[in-house]
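Single chain ahead, by itself, as structure tokens, in the form predicted on its own.
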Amino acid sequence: MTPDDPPTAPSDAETAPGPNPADWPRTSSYEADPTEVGRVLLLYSGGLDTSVMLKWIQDHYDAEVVTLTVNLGQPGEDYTAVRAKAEMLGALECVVVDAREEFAAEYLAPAIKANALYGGGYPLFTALGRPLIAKLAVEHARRLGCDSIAHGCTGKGNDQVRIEATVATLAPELKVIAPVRTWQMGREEEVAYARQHGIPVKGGTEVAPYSIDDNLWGRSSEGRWIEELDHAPDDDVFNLVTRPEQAPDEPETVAVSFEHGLPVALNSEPMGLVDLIESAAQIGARHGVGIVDHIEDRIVGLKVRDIYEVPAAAIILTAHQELERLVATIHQNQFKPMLDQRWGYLVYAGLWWEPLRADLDAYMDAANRFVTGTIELKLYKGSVRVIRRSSPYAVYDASLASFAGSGGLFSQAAAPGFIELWSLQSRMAWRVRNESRD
């Protein structure tokens, strides 16, 4: 350029915040090399992060972008508006997939059979959804000729593990782009970038008070005061479940019927799994059921606090566990919770495709073979209490359980001999260890 030439205006890529992708250190084989990126499939929600990413990837990578939005039962989502926004921002193609039935049948069903919780309280709704979203991303990336998949996960969460492990497992030829981990933009910088590039920002700022994730199985809230351990929950965090103190003053009973471990009817009305979960969620939410204030050990090493609203899971898992206890033997009831815990951990840790999980699924199917019957629960101001139980496979006989009952499969006269043999080793050990002190 000669001194008389006018200065060249900087490109969007040169003025956008954050480091240049070419300068990023890559520590894994599946991270995208900017020089080899031509078409990217972006997991797109329509929110601030992914909308900024859509424009940012086009500028920094000089790449075409197609978007994928997955419906897992997020309440109140306008998918027509999401698609229109992606198209307006330059997406080559905008795919919206209704995956609710697949989510329920292939992910929530095995979770119910495994009584899936992490840390005693989190029913894994986000963890269960991510491998399905990533699997669909792989399928559509291949179909649409993409070489990379982009997501909006941060470097502090578990979702990056769940999505990237799935992509690396199912499609090692595809690369991954994770701008939020490296672009060094905070919320205010993202809003400024959005305004600079004409990206619509809800409410003028879109700096939401909480980070929300939700689907058919529950809702989570993070951020703001939730990070302060001495701060009791504020009312504005609850957008799914009624605060228990504001729930109806009259309790409501709900009967959940199961066949082979899966719920098939609610209050004697047969339903598909998606409809049943949605109906249970409505009933539970009305009565303040399913609020979980949870301290959680993330797999990336952090300990965090989350507020969960899980009314459907609170009802269905409570009923399933009770029915399972009714039809299983003492040995099954002592053994299966250990496998349930391991199943839940593998899913939480992003290892959906780990062969051990499939092995555990085989056991869960076998253990649920006779989990058929009905559990009736009473819901009242946040509590869920079992009040009635029935099953053709119940390992229970009222005549044997009665104090007045005798004979049949149980002979009270045999009890003394049993007690003598049952306590033999314990009695011997106590005597040996205590008499040796004299």
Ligand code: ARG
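What you see is a predicted model; the values in this text were computed from it and never measured. A residue's number is simply how far along the shown sequence it sits, counting from 1.
The same protein has a further form, the form predicted together with ligand ARG, not shown here; the description that follows concerns it.
Only one of 108 to 116, 300 to 308, 239 to 247, 189 to 197 lies within 4.5 Å of ligand ARG in the predicted complex by heavy atoms, and it is 300 to 308. In the predicted complex, S220 approaches ligand ARG with a heavy atom inside 4.5 Å. Among heavy atoms of W183, none comes within 4.5 Å of ligand ARG in the predicted complex. When ligand ARG is considered in the predicted complex, H151 lies well away from it, no heavy atom lying within 4.5 Å.
Taking the partner from the other structure, ligand ARG in the predicted complex has no heavy atom within 4.5 Å of any heavy atom of A104. The contact with ligand ARG in the predicted complex, taken as any heavy atom within 4.5 Å, belongs to S211 out of S211, S279, T169, Q332. A single residue from the set E354, D159, E139, E252 has any heavy atom within 4.5 angstroms of ligand ARG in the predicted complex; that residue is D159. Contacts between stretch 112 to 132 and ligand ARG, counted in the predicted complex as any heavy atom lying within 4.5 Å, involve Y122, T126, A127, R130, listed in sequence order.
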